[in-house]
Ligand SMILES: NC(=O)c1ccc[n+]([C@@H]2O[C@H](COP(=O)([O-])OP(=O)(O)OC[C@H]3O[C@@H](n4cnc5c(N)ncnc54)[C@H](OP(=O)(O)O)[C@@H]3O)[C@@H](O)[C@H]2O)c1
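Here's a solo chain for you in C-alpha coordinates, the form predicted on its own.
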Amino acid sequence: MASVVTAAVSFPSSSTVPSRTSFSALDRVPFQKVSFQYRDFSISGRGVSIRAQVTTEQPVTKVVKESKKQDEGVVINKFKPKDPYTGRCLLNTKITGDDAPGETWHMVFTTEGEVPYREGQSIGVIPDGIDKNGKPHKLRLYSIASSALGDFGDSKTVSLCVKRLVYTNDNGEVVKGVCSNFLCDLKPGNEVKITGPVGKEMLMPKDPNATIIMLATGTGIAPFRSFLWKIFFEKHEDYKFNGLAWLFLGVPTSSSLLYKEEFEKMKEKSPENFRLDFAVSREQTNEKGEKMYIQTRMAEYAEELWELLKKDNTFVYMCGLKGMEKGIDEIMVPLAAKEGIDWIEYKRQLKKAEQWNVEVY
(Lines give C-alpha, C1' and ligand atoms only; values in the text may rest on other atoms or scores of the structure.)
Protein backbone atom coordinates (compact mmCIF):
# COMPACT_ATOMS: atom_id res chain seq x y z
CA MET A 1 0.00 0.00 0.00
CA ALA A 2 1.21 3.53 -0.77
CA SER A 3 0.20 6.54 1.29
CA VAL A 4 1.16 10.17 1.55
CA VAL A 5 0.51 12.06 4.78
CA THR A 6 0.85 15.84 4.76
CA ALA A 7 0.25 17.88 7.87
CA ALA A 8 0.35 21.58 8.57
CA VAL A 9 0.71 22.69 12.20
CA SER A 10 -0.06 26.30 13.21
CA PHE A 11 1.03 27.79 16.53
CA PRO A 12 0.07 31.17 18.06
CA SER A 13 2.36 34.01 17.05
CA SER A 14 3.62 34.47 20.62
CA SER A 15 5.02 30.97 20.70
CA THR A 16 8.74 30.43 20.54
CA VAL A 17 8.03 27.56 18.26
CA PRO A 18 8.23 28.48 14.53
CA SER A 19 4.86 29.90 13.46
CA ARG A 20 4.25 27.27 10.75
CA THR A 21 5.86 23.93 10.19
CA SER A 22 5.06 21.50 7.36
CA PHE A 23 6.19 17.90 7.18
CA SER A 24 5.38 14.83 5.15
CA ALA A 25 5.89 11.12 5.62
CA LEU A 26 6.02 8.69 2.67
CA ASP A 27 5.33 5.00 2.94
CA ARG A 28 4.57 3.16 -0.30
CA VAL A 29 1.18 1.46 0.15
CA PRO A 30 -1.94 1.23 -2.07
CA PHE A 31 -4.29 4.09 -1.32
CA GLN A 32 -7.65 5.68 -1.84
CA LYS A 33 -8.34 9.35 -1.32
CA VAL A 34 -9.64 10.26 2.16
CA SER A 35 -11.16 13.62 3.12
CA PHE A 36 -9.43 16.25 5.30
CA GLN A 37 -9.58 15.79 9.05
CA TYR A 38 -9.30 18.99 11.06
CA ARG A 39 -8.85 19.20 14.85
CA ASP A 40 -8.00 21.91 17.39
CA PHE A 41 -6.35 21.09 20.69
CA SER A 42 -4.05 22.71 23.26
CA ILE A 43 -0.37 22.29 24.08
CA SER A 44 0.71 23.91 27.36
CA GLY A 45 -2.26 26.23 27.30
CA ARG A 46 -1.63 27.48 23.79
CA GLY A 47 -4.12 26.74 21.07
CA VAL A 48 -2.73 24.63 18.28
CA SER A 49 -4.45 23.84 15.00
CA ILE A 50 -3.50 20.68 13.16
CA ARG A 51 -4.88 19.89 9.73
CA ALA A 52 -3.89 16.64 8.01
CA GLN A 53 -4.70 15.03 4.71
CA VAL A 54 -4.15 11.33 4.19
CA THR A 55 -4.21 10.01 0.64
CA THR A 56 -4.27 6.32 -0.13
CA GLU A 57 -4.28 4.51 -3.46
CA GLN A 58 -5.50 1.16 -4.73
CA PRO A 59 -2.91 -1.42 -5.84
CA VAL A 60 -1.82 -0.78 -9.42
CA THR A 61 -3.11 -3.58 -11.64
CA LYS A 62 -0.38 -4.70 -14.00
CA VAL A 63 -1.58 -4.41 -17.58
CA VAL A 64 -0.88 -7.58 -19.50
CA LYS A 65 0.18 -6.69 -23.02
CA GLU A 66 -1.84 -8.52 -25.63
CA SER A 67 0.30 -9.74 -28.50
CA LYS A 68 -0.63 -8.77 -32.04
CA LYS A 69 0.76 -12.09 -33.25
CA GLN A 70 -0.73 -15.56 -33.49
CA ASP A 71 1.00 -16.75 -30.34
CA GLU A 72 -1.81 -18.62 -28.57
CA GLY A 73 -0.77 -22.19 -27.84
CA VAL A 74 2.66 -21.83 -29.43
CA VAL A 75 4.96 -24.66 -28.36
CA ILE A 76 8.59 -23.87 -27.47
CA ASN A 77 11.44 -26.39 -26.98
CA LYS A 78 9.42 -29.57 -26.83
CA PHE A 79 12.52 -31.42 -27.98
CA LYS A 80 15.92 -30.52 -26.54
CA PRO A 81 19.45 -31.40 -27.66
CA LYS A 82 19.80 -34.21 -25.10
CA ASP A 83 16.53 -35.78 -26.22
CA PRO A 84 15.84 -34.78 -29.85
CA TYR A 85 13.06 -36.01 -32.07
CA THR A 86 14.23 -38.40 -34.79
CA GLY A 87 12.52 -37.82 -38.11
CA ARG A 88 13.11 -39.27 -41.55
CA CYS A 89 13.87 -37.48 -44.79
CA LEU A 90 10.98 -37.87 -47.24
CA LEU A 91 12.17 -35.54 -49.97
CA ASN A 92 15.33 -33.58 -50.74
CA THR A 93 15.61 -31.65 -53.98
CA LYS A 94 17.84 -28.90 -55.32
CA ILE A 95 15.80 -25.79 -56.14
CA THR A 96 18.48 -23.61 -57.74
CA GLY A 97 19.73 -23.80 -61.31
CA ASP A 98 22.98 -25.49 -62.25
CA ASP A 99 24.58 -22.12 -63.01
CA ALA A 100 23.48 -20.52 -59.73
CA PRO A 101 26.21 -19.33 -57.34
CA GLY A 102 25.76 -22.10 -54.80
CA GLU A 103 23.19 -24.83 -54.21
CA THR A 104 19.97 -24.46 -52.25
CA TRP A 105 17.88 -27.50 -51.36
CA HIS A 106 14.29 -27.97 -50.22
CA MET A 107 13.81 -30.89 -47.86
CA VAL A 108 10.85 -32.48 -46.06
CA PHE A 109 11.08 -34.51 -42.85
CA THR A 110 8.53 -36.65 -41.05
CA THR A 111 7.32 -35.49 -37.63
CA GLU A 112 4.17 -37.65 -37.25
CA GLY A 113 2.64 -34.57 -35.64
CA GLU A 114 5.09 -34.75 -32.72
CA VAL A 115 6.77 -31.40 -33.51
CA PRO A 116 3.84 -28.91 -33.39
CA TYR A 117 5.36 -25.80 -34.91
CA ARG A 118 3.79 -22.57 -36.12
CA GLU A 119 4.52 -20.42 -39.19
CA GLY A 120 7.58 -18.28 -38.45
CA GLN A 121 9.24 -20.65 -35.99
CA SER A 122 12.53 -22.54 -36.37
CA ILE A 123 13.83 -26.00 -35.58
CA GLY A 124 17.29 -27.19 -34.62
CA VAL A 125 19.13 -29.95 -36.47
CA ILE A 126 21.94 -31.99 -34.92
CA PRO A 127 24.15 -33.37 -37.72
CA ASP A 128 25.50 -36.89 -37.46
CA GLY A 129 29.09 -37.46 -36.44
CA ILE A 130 31.52 -35.82 -34.03
CA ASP A 131 33.54 -32.61 -34.06
CA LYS A 132 37.34 -32.23 -33.94
CA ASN A 133 37.23 -32.67 -30.17
CA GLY A 134 35.43 -35.98 -30.42
CA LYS A 135 32.13 -34.58 -29.17
CA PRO A 136 28.75 -34.74 -30.92
CA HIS A 137 28.10 -31.80 -33.22
CA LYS A 138 26.07 -28.93 -31.80
CA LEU A 139 22.69 -28.10 -33.27
CA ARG A 140 22.13 -25.46 -35.95
CA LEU A 141 18.89 -23.52 -36.19
CA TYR A 142 16.94 -23.24 -39.45
CA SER A 143 13.78 -21.26 -40.19
CA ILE A 144 10.90 -23.56 -41.08
CA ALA A 145 9.87 -23.28 -44.73
CA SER A 146 6.46 -24.97 -44.50
CA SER A 147 3.13 -23.95 -43.02
CA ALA A 148 1.94 -25.63 -39.82
CA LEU A 149 0.03 -28.11 -41.99
CA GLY A 150 3.22 -29.02 -43.84
CA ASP A 151 3.80 -29.50 -47.55
CA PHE A 152 1.50 -32.52 -47.58
CA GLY A 153 -1.28 -30.83 -45.60
CA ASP A 154 -1.47 -33.46 -42.86
CA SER A 155 0.47 -31.68 -40.06
CA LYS A 156 2.95 -34.57 -40.03
CA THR A 157 5.95 -33.04 -41.80
CA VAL A 158 8.31 -30.08 -41.56
CA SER A 159 10.29 -28.51 -44.40
CA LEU A 160 13.55 -26.58 -44.58
CA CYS A 161 15.27 -24.45 -47.20
CA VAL A 162 19.05 -24.89 -46.87
CA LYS A 163 21.99 -23.50 -48.81
CA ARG A 164 25.04 -25.74 -49.01
CA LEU A 165 27.96 -23.89 -47.43
CA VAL A 166 31.26 -24.42 -49.23
CA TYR A 167 34.10 -21.91 -49.27
CA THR A 168 37.88 -21.63 -49.57
CA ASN A 169 39.67 -20.33 -46.48
CA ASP A 170 42.78 -18.14 -46.30
CA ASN A 171 45.01 -21.20 -46.60
CA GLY A 172 43.39 -22.24 -49.86
CA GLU A 173 41.58 -25.14 -48.24
CA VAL A 174 38.01 -26.00 -49.21
CA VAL A 175 35.78 -25.86 -46.14
CA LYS A 176 32.33 -27.43 -46.01
CA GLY A 177 29.68 -26.33 -43.52
CA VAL A 178 29.00 -29.29 -41.24
CA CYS A 179 25.23 -29.10 -40.91
CA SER A 180 24.32 -27.63 -44.29
CA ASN A 181 26.24 -30.34 -46.14
CA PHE A 182 24.78 -33.03 -43.88
CA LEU A 183 21.28 -31.81 -44.75
CA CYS A 184 21.83 -31.24 -48.45
CA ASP A 185 23.29 -34.76 -48.79
CA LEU A 186 20.35 -36.51 -47.08
CA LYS A 187 18.59 -39.21 -49.03
CA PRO A 188 14.94 -40.26 -48.57
CA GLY A 189 14.77 -42.58 -45.58
CA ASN A 190 17.77 -41.09 -43.80
CA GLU A 191 17.21 -40.09 -40.17
CA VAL A 192 17.64 -36.56 -38.82
CA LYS A 193 17.70 -35.37 -35.21
CA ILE A 194 15.37 -32.41 -34.66
CA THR A 195 15.07 -30.02 -31.68
CA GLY A 196 12.63 -27.25 -30.90
CA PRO A 197 10.50 -25.71 -32.19
CA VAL A 198 11.80 -22.30 -31.11
CA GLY A 199 11.05 -18.62 -31.65
CA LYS A 200 8.18 -16.15 -31.45
CA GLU A 201 9.76 -13.16 -33.18
CA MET A 202 8.54 -14.07 -36.67
CA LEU A 203 5.02 -15.29 -35.88
CA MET A 204 2.30 -14.05 -38.24
CA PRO A 205 -0.01 -11.19 -37.20
CA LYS A 206 -3.48 -12.07 -35.91
CA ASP A 207 -5.23 -9.40 -37.99
CA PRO A 208 -6.48 -11.00 -41.24
CA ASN A 209 -6.69 -7.51 -42.75
CA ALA A 210 -3.07 -6.63 -42.02
CA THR A 211 -0.46 -5.49 -44.50
CA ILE A 212 2.46 -7.91 -44.24
CA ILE A 213 5.69 -6.67 -45.83
CA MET A 214 8.25 -9.49 -46.15
CA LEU A 215 11.91 -8.80 -46.95
CA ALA A 216 14.09 -11.81 -47.71
CA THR A 217 17.53 -12.54 -49.08
CA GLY A 218 18.27 -16.08 -50.28
CA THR A 219 17.21 -18.77 -47.82
CA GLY A 220 15.72 -16.02 -45.65
CA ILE A 221 12.65 -16.75 -47.77
CA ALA A 222 11.86 -19.79 -45.58
CA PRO A 223 9.50 -18.21 -43.00
CA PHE A 224 7.71 -16.26 -45.73
CA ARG A 225 7.02 -19.37 -47.75
CA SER A 226 5.35 -20.71 -44.60
CA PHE A 227 3.28 -17.50 -44.27
CA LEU A 228 2.25 -17.46 -47.89
CA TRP A 229 1.25 -21.12 -48.05
CA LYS A 230 -1.11 -20.56 -45.15
CA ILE A 231 -2.47 -17.35 -46.68
CA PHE A 232 -2.95 -18.42 -50.30
CA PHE A 233 -2.78 -22.21 -50.60
CA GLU A 234 -4.80 -23.33 -47.59
CA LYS A 235 -8.31 -22.92 -46.21
CA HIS A 236 -8.79 -22.35 -42.49
CA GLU A 237 -12.09 -21.97 -40.67
CA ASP A 238 -10.60 -19.49 -38.21
CA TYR A 239 -8.40 -17.49 -40.61
CA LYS A 240 -9.09 -15.92 -43.99
CA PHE A 241 -6.60 -13.34 -45.21
CA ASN A 242 -8.13 -10.16 -46.65
CA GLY A 243 -5.14 -7.85 -46.35
CA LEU A 244 -2.03 -7.25 -48.45
CA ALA A 245 1.00 -9.55 -48.51
CA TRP A 246 3.98 -7.90 -50.21
CA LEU A 247 7.13 -9.94 -50.76
CA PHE A 248 10.56 -8.58 -51.70
CA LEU A 249 13.06 -11.36 -52.50
CA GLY A 250 16.70 -10.59 -53.19
CA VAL A 251 19.08 -13.07 -54.89
CA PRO A 252 22.25 -12.78 -57.01
CA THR A 253 20.97 -14.44 -60.22
CA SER A 254 17.64 -15.41 -61.71
CA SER A 255 18.73 -19.06 -61.50
CA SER A 256 18.85 -18.67 -57.71
CA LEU A 257 15.29 -17.37 -57.33
CA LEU A 258 13.65 -19.65 -54.78
CA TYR A 259 10.07 -20.94 -55.08
CA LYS A 260 9.45 -18.55 -57.99
CA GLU A 261 6.74 -20.68 -59.61
CA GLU A 262 4.86 -21.03 -56.33
CA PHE A 263 4.87 -17.30 -55.70
CA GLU A 264 3.80 -16.48 -59.24
CA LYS A 265 0.89 -18.93 -58.88
CA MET A 266 -0.15 -17.14 -55.68
CA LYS A 267 -0.04 -13.79 -57.44
CA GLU A 268 -2.14 -15.14 -60.29
CA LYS A 269 -4.64 -16.55 -57.82
CA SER A 270 -4.91 -13.45 -55.59
CA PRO A 271 -3.65 -10.39 -57.51
CA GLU A 272 -5.42 -7.96 -55.17
CA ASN A 273 -3.85 -9.45 -52.05
CA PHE A 274 -0.33 -10.36 -53.15
CA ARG A 275 2.47 -8.22 -54.54
CA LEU A 276 5.74 -9.77 -55.61
CA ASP A 277 9.03 -8.01 -56.31
CA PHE A 278 12.35 -9.66 -57.10
CA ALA A 279 15.74 -7.98 -56.78
CA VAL A 280 18.39 -9.83 -58.82
CA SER A 281 21.64 -8.07 -58.01
CA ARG A 282 23.88 -9.41 -60.77
CA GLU A 283 21.34 -9.04 -63.58
CA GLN A 284 19.18 -6.02 -62.77
CA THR A 285 19.92 -2.34 -62.23
CA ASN A 286 17.85 0.72 -61.39
CA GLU A 287 17.58 3.88 -63.50
CA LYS A 288 20.91 5.10 -62.12
CA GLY A 289 22.64 1.89 -63.16
CA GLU A 290 23.01 0.70 -59.58
CA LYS A 291 22.82 -3.01 -58.75
CA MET A 292 19.36 -4.16 -57.75
CA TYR A 293 19.40 -5.18 -54.11
CA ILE A 294 16.32 -5.38 -51.91
CA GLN A 295 16.71 -1.80 -50.69
CA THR A 296 17.20 -0.64 -54.28
CA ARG A 297 13.93 -2.27 -55.30
CA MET A 298 12.15 -0.92 -52.23
CA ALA A 299 13.35 2.59 -53.05
CA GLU A 300 11.12 2.48 -56.13
CA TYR A 301 8.12 2.29 -53.78
CA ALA A 302 9.60 4.39 -50.97
CA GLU A 303 6.73 6.85 -50.52
CA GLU A 304 4.09 4.12 -50.70
CA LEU A 305 5.96 2.01 -48.18
CA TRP A 306 6.31 4.97 -45.83
CA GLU A 307 2.56 5.60 -45.94
CA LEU A 308 1.95 1.93 -45.12
CA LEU A 309 4.40 2.09 -42.23
CA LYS A 310 2.34 4.84 -40.64
CA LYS A 311 -0.60 2.46 -40.21
CA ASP A 312 -0.99 0.41 -37.06
CA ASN A 313 -1.86 -2.77 -38.96
CA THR A 314 1.29 -2.89 -41.12
CA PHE A 315 3.83 -5.52 -40.12
CA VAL A 316 7.37 -5.74 -41.49
CA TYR A 317 9.29 -9.03 -41.40
CA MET A 318 12.95 -9.25 -42.40
CA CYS A 319 14.97 -12.45 -42.75
CA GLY A 320 18.35 -13.03 -44.33
CA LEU A 321 21.55 -11.02 -44.62
CA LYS A 322 22.07 -8.43 -41.90
CA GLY A 323 23.22 -5.70 -44.28
CA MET A 324 19.79 -5.10 -45.81
CA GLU A 325 18.38 -3.39 -42.72
CA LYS A 326 20.93 -0.58 -43.00
CA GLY A 327 19.95 -0.05 -46.64
CA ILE A 328 16.28 0.20 -45.68
CA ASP A 329 17.11 2.74 -42.98
CA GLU A 330 18.77 4.88 -45.64
CA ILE A 331 15.51 4.93 -47.59
CA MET A 332 13.28 5.75 -44.65
CA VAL A 333 15.37 8.36 -42.80
CA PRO A 334 14.76 11.22 -45.30
CA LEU A 335 11.09 10.30 -45.83
CA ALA A 336 10.40 10.38 -42.11
CA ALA A 337 12.44 13.57 -41.69
CA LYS A 338 10.13 15.38 -44.14
CA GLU A 339 7.41 14.97 -41.53
CA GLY A 340 9.67 15.84 -38.61
CA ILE A 341 9.98 12.19 -37.53
CA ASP A 342 13.16 10.51 -36.34
CA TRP A 343 13.12 7.23 -38.29
CA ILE A 344 15.35 5.30 -35.87
CA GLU A 345 13.10 6.19 -32.94
CA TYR A 346 10.00 5.48 -35.04
CA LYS A 347 11.40 2.06 -35.96
CA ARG A 348 12.04 1.41 -32.28
CA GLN A 349 8.38 2.11 -31.58
CA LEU A 350 7.33 -0.20 -34.42
CA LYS A 351 9.46 -2.95 -32.93
CA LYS A 352 7.93 -2.37 -29.51
CA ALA A 353 4.48 -2.71 -31.08
CA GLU A 354 5.56 -5.99 -32.75
CA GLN A 355 5.32 -4.38 -36.19
CA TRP A 356 9.03 -4.57 -37.04
CA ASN A 357 10.39 -8.11 -36.85
CA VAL A 358 13.94 -9.08 -37.74
CA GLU A 359 15.90 -12.33 -37.99
CA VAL A 360 19.19 -11.65 -39.78
CA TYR A 361 22.63 -13.23 -39.80
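As the structure is a prediction and not an experimental result, all values here were calculated from the model. Don't overthink the numbering: it's just position in the shown sequence, from 1.
One more form of this protein exists, namely the form predicted in complex with the ligand; it is left out here, but the text below deals with it.
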- Is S147 a contact residue for the ligand in the predicted bound form, using a 4.5 Å heavy atom cut-off? no
- Would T195 count as touching the ligand in the predicted bound form under a 4.5 Å heavy atom rule? no
- Given that the partner is absent here, does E354 sit within 4.5 Å of the ligand in the predicted bound form, heavy atoms only? no
- Item | Contact label in the predicted bound form: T314 to the ligand, heavy atom within 4.5 Å | no
- Message: Taking 4.5 angstroms as the heavy atom distance cut-off, pick the stretch from 128 to 136, 247 to 255, 263 to 271, 203 to 211 that is near the ligand in the predicted bound form.
- Response: 247 to 255
- Within 4.5 Å of the ligand in the predicted bound form, which residues of 332 to 361 have a heavy atom? Give them in sequence order, or say none. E359, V360, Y361
